[in-house]
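The form predicted on its own is given below as one chain in C-alpha cells.
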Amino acid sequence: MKMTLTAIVAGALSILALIIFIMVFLPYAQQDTTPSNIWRDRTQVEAAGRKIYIANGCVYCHSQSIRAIDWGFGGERIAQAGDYVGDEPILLGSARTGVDLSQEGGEHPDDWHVAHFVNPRYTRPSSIMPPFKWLGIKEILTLTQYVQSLGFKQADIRMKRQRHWKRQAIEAYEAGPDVNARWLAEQVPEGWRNIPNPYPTTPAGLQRGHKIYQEFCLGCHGPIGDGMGPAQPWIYPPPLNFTILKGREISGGIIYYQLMNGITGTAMPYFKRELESQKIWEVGDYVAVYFINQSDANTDPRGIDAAWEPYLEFEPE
C-alpha cells in the first residue's frame, strides 16, 4: 500500500472515528441513568442558582466529584453516576483550585455562604476566590440555595441539622452574654471541659497561634477578638465576642473542641480536617491569652510532656 495523500487522510479519519466511538459514543451507550439513593429533583430556586453557578464559571475552580483517592478532601461519599441524573451539563470540573463542592450542602448555614459570596476573604482570609458582591443579594441567596442542595438528600439532612441548632444558637445569643457563654460551654462533652491545654505558653507557640488566627479566624472574629470582623454584618447570630468569656471557666479543652468540631447552626465551621492537633491547641491558647486573659496551658492534670516541649521545671540529671 502506497502512502498517498488519500490513504493518509482516510487513515487519520478512521483513527479519529475510532477514538470518538471509544471515548464518546461507547460510554454514552453504557451510561447508567438510574438515580442514586441520594438523588432528588431540584427546586426551581435551586435550578436558578445552578444557572448562576454556570454563568459565573464556578466550575473552573470547584469540582463536584469525590473519587476513592480524594478522601483527604473530606468527602464522606464516593460520587456515583446516578448522582448526576438530569444535570445538563454535568459540572464535574477538572480543577480543584477551591474545595470540592459535591457534598457542600449543609456544611455551613446560609448566612456563612452569603458572607462568603460577598467576599470570600470575610470567611476565609487567605482565599483567592474573587468577590461576588456585584451579583446583588437576591442572586447570592439564589446561588446559596443551589450550593446547599449539593449532596441532595444527604444535604437535606445536614440542612435540617443546621436549622435546628441555629434556632438554639439565636435563642442563646439573644438571651444575653451570660446565657450565651453558658450554652456554648454546655455543648462541649463534659470530659473535654476538664482538659487543660497540654502545651506550655511560649513566645513561639503564641506566634504560631497568631498566624493561624490571621489565616482562619480574623474575618469573623476580628483582629481583637470582639466578633466584629468584616463578615459580621452578614452573619446571625454574629461571631463570638471572645471578651465575654473573661472571668469564666473556659478550659483549653472547651476551646479545642469547638475549634475542632465547629458549632453547627452558627457560622463557626469545623477545622479538624484542615488543622493538625497542635495548631488547634496553639490558636486556642492565643485566643485564651490575648482575648480572654486566662490560659490553663500546661497545668494539671498533665501527662508526659511531648519531646519537643521546652522544659520549665524538669532539669536533666
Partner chain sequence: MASTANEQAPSYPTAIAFCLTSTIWFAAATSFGMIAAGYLFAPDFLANIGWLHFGKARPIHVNLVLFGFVTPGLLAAGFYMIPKLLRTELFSEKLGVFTAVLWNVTMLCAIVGIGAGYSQGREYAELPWTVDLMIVVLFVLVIFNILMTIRQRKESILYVSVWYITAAVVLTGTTYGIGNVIWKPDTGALLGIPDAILLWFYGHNIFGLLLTPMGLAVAYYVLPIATRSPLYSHTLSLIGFWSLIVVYTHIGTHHLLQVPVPTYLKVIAIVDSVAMVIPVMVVLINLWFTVKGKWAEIHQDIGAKFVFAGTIYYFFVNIQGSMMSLPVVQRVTHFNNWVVGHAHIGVLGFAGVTALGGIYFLLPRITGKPIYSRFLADLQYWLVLIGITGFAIVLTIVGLIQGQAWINGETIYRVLPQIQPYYIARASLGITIMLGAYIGAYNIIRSIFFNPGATAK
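Each form is matched to the other, and the largest set of C-alpha atoms that superpose within 1.5 Å is called the rigid core. Residue numbers count along the first chain shown, from 1. If you're wondering where the values come from, they're calculated on a predicted model, not measured in any experiment.
Unshown form predicted together with the partner chain; subsequent notes refer to it.
The single contact residue among K166, R208, R121, R158, judged by any heavy atom lying within 4.5 Å of the partner chain in the model of the complex, is R121. This chain is displayed alone, yet in the model of the complex one of W192, Y173, F152, F132 has a heavy atom within 4.5 Å of the partner chain; that residue is F132. Checking 82-90, 231-239, 175-183, 198-206 against the partner chain in the model of the complex, the stretch whose residues place heavy atoms within 4.5 Å of it is 82-90. For the candidate spot formed by T34, I38 and I304, no residue has a non-hydrogen atom within 4.5 angstroms of the partner chain in the model of the complex. Contact annotation for Q44: none of its heavy atoms lies within 4.5 Å of the partner chain in the model of the complex. Proximity of S65 to the partner chain in the model of the complex falls within the 4.5 Å heavy atom cutoff. Although the partner is absent here, R248 lies well away from the partner chain in the model of the complex, with no heavy atom inside 4.5 Å. Although the partner is absent here, G98 lies within 4.5 Å of the partner chain in the model of the complex, judged by heavy atoms. Residues are counted as partner-facing when one of their heavy atoms sits within 4.5 Å of the partner chain in the model of the complex; in 260-276 these are R273, E274, L275, E276, in sequence order. Core-superposed comparison between this form and the one not shown: the C-alpha position of Q294 differs by less than 2 Å. Once both forms are fitted on their core, the CA shift for A55 between this form and the one not shown remains under 2 Å. Residue displacement note: V45 has its CA displaced by under 2 Å between this form and the one not shown (rigid core superposed).
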